[in-house]
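Next up is one chain by itself, shown in structure tokens, the form predicted alone.
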Amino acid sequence: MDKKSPIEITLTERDDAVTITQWVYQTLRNAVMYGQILPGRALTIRELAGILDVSPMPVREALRQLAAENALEIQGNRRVMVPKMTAMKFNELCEARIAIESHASARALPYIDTVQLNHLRELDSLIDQAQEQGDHEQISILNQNFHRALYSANPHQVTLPLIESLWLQLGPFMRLATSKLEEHYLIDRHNEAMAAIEKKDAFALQLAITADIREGIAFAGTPELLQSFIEHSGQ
């Protein structure tokens, strides 16, 4: 991609209880996770401070945190970029997603009641609407909201921070990948997941979540396709 292309970061109103540094961190974190900062797009602290309308100091601190989470990379010239991706790293991140998220879904199942199941249905309906409108950003956001709502039904869960760390590292690439979903995602695995929840079938739920993740990355089904995707995404 063009390293000087325009960038649009979604800005939310800052609550008085949230510090500027916390708000900047969460805003940039969401921008990475939702694919608003694409691979190959070089940024500077000054540019980000201008976009967020803050001083450079909270931006610098937020970037340190995101770099520690492997979400962004601060280069020697003070430029900021999404870390380089390799085929091996991409596959490792996706396999980690499958292992942890299938576990999280099974552990959450006993705690999902009718209200929570209806909420999942509402989110899935919004995903369908976003797909009809071709809104790739909303598809990414709503899909994460669906998975987050599912896993967080477990009041004792400890895996969500690990899962979000994986989403954070994959976010810039998964946003680009949504343009390929119609070619590979032929069965609504969210419907399968909700049917499994209704039946209280943990194994079927794990299979649905595994298939959902695998088919979401089917655009990179071979090492050659994956490498081509990484190269064309601006790496």
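The first residue of the sequence shown is number 1, and the count goes up from there. Since this is a predicted model, take the numbers as computed values, not measurements.
Same protein, other form: the form predicted together with a further copy of the same chain, not shown, and the subject of what follows.
Contact with a further copy of the same chain in the predicted bound form, defined as a heavy atom within 4.5 Å, holds for exactly one of His119, Arg148, Lys89, Arg79, namely Lys89.
Here is the short version: of Leu166, Ala42, Ala49, Ala204, the single residue with a heavy atom within 4.5 Å of a further copy of the same chain in the predicted bound form is Leu166. a further copy of the same chain is not drawn, but in the predicted bound form it has a heavy atom within 4.5 Å of Asn154. Of the heavy atoms in Gly134, none are within 4.5 Å of a further copy of the same chain in the predicted bound form. Residue contact with a further copy of the same chain in the predicted bound form: Gln65 places a heavy atom within 4.5 Å of it. The closest non-hydrogen atom of Gln129 lies beyond 4.5 Å of a further copy of the same chain in the predicted bound form. Candidate site formed by Trp23, Leu38 and Pro83: none of these residues places a non-hydrogen atom within 4.5 angstroms of a further copy of the same chain in the predicted bound form. Residues Asn91, Glu92, Leu93, Glu95, Ala96, Ala99, Ile100, His103, Arg107, Tyr111 of 91-121 are found to place at least one heavy atom within 4.5 Å of a further copy of the same chain in the predicted bound form. Legend note: Cα of Ser140 to Cα of Arg79 is at least 3 Å farther in the predicted bound form than in the depicted form.
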